[in-house]
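A single chain comes next, written as structure tokens; it is the form predicted on its own.
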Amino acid sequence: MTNTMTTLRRSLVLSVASAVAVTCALTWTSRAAFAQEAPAIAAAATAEEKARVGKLIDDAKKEGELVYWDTVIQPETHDALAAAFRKAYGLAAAFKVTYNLQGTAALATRVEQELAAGKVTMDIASVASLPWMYERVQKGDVAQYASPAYAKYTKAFENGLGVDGYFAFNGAYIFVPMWNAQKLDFKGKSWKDVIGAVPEGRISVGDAGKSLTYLATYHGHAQVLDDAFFKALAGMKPSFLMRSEQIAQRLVTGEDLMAFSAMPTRAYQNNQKGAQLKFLLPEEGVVLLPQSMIILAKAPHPAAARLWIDFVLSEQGQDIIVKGEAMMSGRDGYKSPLPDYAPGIDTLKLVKVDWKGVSTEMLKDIRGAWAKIFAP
């Protein structure tokens, strides 16, 4: 009897031990599989962060889609971001990352129309207009989100280039003089050296009458350049253009010999294809245009939107954007892989602008002042 009981006890212990081992194996296998599907889980530093990201991933999978609108990011960069985003969070290929590329004024108008109608279709809007962004926050149109990534954007927040808990920028850009070195030998160092550098009608200027970013740049330039300069520029009979891609292409073809409002981003992209576009960082300074990202308060896919913010502002996300668009990162201590086209913000001489003090109503007056000089 005793032997029988002993044997039964041993069998029971072995059975329990076996069951525990199987359960542990399944648990660790499940965890490993989940970590493999979602590298962001494995990279999380704390249990709380793992749980937070895991919950957002589960909710995002239920939402099934992310919708963002942007004014700069080109299709190739979008594709790279979307693929890396899905991989980071273990999202299936069927998970939609819907993207629309618009001009700044058109995008801002679309957001305002959707807000007024109470029918918000986009999750994230990226616009390089700090006055407009500040106004959206003040009106309660922006979802509050304490992204862990914001901890790496302290300098940007300190300089008024974002609001902690509401928005940071996915990349910043500048508008500067640019020319085709195959067609023009320009040695200028100042904004003023542009005047008379090319014949009348062979220079383009960004259309501040239609674009918020060109308007913001004009306002910044007015801090260091007087009306006489702008009147002289208007006297060169410039073409007024909207899209930065078109501005650069007209330099490549020779239709224009110089652009007053060109993006180094487009020089990089065209030079990769064999062009020889050069640009000037004027000694008076440049106006930095941070393309800020906001999650709309009534975003239809809030979990996916939060994950997108986390990813795009991460070092991996910034690398994709800088390499694809030659935009400048706002991450603290970020080392640019393209220093010639997208230098660190701390290496630039920036024109100081009090963006918090500029309202959208003031921008209307600034646009009127621009129109009086250029009258396109």
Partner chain sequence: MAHDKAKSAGVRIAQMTSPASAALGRFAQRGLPLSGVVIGILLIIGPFCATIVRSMLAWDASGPHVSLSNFVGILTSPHFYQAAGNTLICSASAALLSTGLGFALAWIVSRTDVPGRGWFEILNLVPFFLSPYVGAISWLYLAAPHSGILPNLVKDAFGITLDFLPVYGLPGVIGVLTLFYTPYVYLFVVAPLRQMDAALEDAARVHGATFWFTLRHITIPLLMPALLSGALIVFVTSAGLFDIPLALASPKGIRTMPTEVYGLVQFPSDLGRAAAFGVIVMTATVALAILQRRYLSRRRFDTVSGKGYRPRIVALRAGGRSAAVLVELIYITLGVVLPVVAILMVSLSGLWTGRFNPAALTLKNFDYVLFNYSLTQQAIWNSLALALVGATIGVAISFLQAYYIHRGTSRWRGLIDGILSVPLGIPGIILGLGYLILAIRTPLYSTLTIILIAYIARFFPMATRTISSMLLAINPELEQSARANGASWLQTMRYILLPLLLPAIIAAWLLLFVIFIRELGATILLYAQGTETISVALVLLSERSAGYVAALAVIQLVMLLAAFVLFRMTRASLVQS
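Numbering follows the first chain given and starts at 1. The structure presented is a predicted model; accordingly, all values stated were derived computationally and were not measured.
The same protein has a further form, the form predicted in complex with its partner chain, not shown here; the description that follows concerns it.
Site residues Thr154, Pro282 and Thr347 are none of them in contact with its partner chain in the model of the complex, judged by any heavy atom within 4.5 Å. Heavy atoms within 4.5 Å of its partner chain in the model of the complex map, among the stretches 189 to 197, 209 to 217, 141 to 149, 224 to 232, onto 209 to 217 alone. Taking non-hydrogen atoms only, Tyr166 never approaches its partner chain to within 4.5 angstroms in the model of the complex. At a distance threshold of 4.5 angstroms between non-hydrogen atoms, Lys364 is in contact with its partner chain in the model of the complex. For Ala117, a non-hydrogen atom is located within 4.5 Å of its partner chain in the model of the complex, even though that partner is not displayed.
Using a 4.5 angstroms threshold between heavy atoms, Trp132 counts as touching its partner chain in the model of the complex. Residues from 332 to 358 do not approach its partner chain in the model of the complex: none has a non-hydrogen atom within 4.5 Å of it.
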